[in-house]
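The form predicted on its own is given below as one chain in structure tokens.
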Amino acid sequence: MAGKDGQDPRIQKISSAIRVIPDFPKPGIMFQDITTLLLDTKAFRDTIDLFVERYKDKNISVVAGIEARGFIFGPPIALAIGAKFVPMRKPNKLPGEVISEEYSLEYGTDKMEMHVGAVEAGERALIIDDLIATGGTLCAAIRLLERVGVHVVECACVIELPELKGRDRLGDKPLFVLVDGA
């Protein structure tokens, strides 16, 4: 099985396909740019394949993707494992009735929303995003799904910024990550 330890040879290719842009969007930030990963069809396919290999036999019925980059990785994983894809969006982006969960940012708060009826109590979910930093959005997604009785099996991200300790905020929820960010 693949993991951050890099035993799977595909991991190094994925890691090298991610461009790091210093001082974007502001000084001191080392931005992890996955657009270069998306341009490398082999590395992008390997990324999806590694997630599919991990989740194909875990009886997951929902892949919840966090806006916006979770929308890139979530749908192909959901299709491959036979699950539905549920977008988790920022406020006022989904038409119709939604439920929301507020979460803290460095300065202030934000909300994450999901359509009412998109998931049902008892379903098993995977939450996917491109990156975990402080863990705020993943925590909000977990709370939102659990409020309606969904069992969150695991959270998964392509990249982790371990120095920001987002993993610690997830409590007992498992987190699977392919690569550490720069």
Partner chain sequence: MSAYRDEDPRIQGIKTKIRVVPNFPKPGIMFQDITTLLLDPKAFKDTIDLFVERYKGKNISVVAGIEARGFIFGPPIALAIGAKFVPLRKPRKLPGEVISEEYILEYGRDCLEMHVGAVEPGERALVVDDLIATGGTLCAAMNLLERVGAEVIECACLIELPELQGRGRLNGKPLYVLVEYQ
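As the structure is a computational prediction, the values presented were derived from the model and not from experiment. Positions refer to the first chain, counted from 1.
Not on display, but discussed next: the form predicted together with the partner chain.
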Query - Residue contact check: residue 148 to the partner chain in the model of the complex, 4.5 Å heavy atom - result: no
**Report entry** Distance check, residue 29 to the partner chain in the model of the complex, heavy atom within 4.5 Å
**Finding:** no
Query raised in the report: Is there a heavy atom of residue 44 lying 4.5 Å or less from a heavy atom of the partner chain in the model of the complex?
Result: yes
Query raised in the report: If you check in the model of the complex, is residue 33 within 4.5 Å of the partner chain, heavy atoms only?
Result: yes
**Report entry** Output flag, 135, 140 and 161 jointly within 4.5 Å of the partner chain in the model of the complex, heavy atom basis
**Finding:** no
Query raised in the report: What are the residues of 48-84, in order along the chain, with a heavy atom within 4.5 Å of the partner chain in the model of the complex?
Result: 48, 67, 68, 69, 71, 72, 75, 76, 79, 82, 83, 84
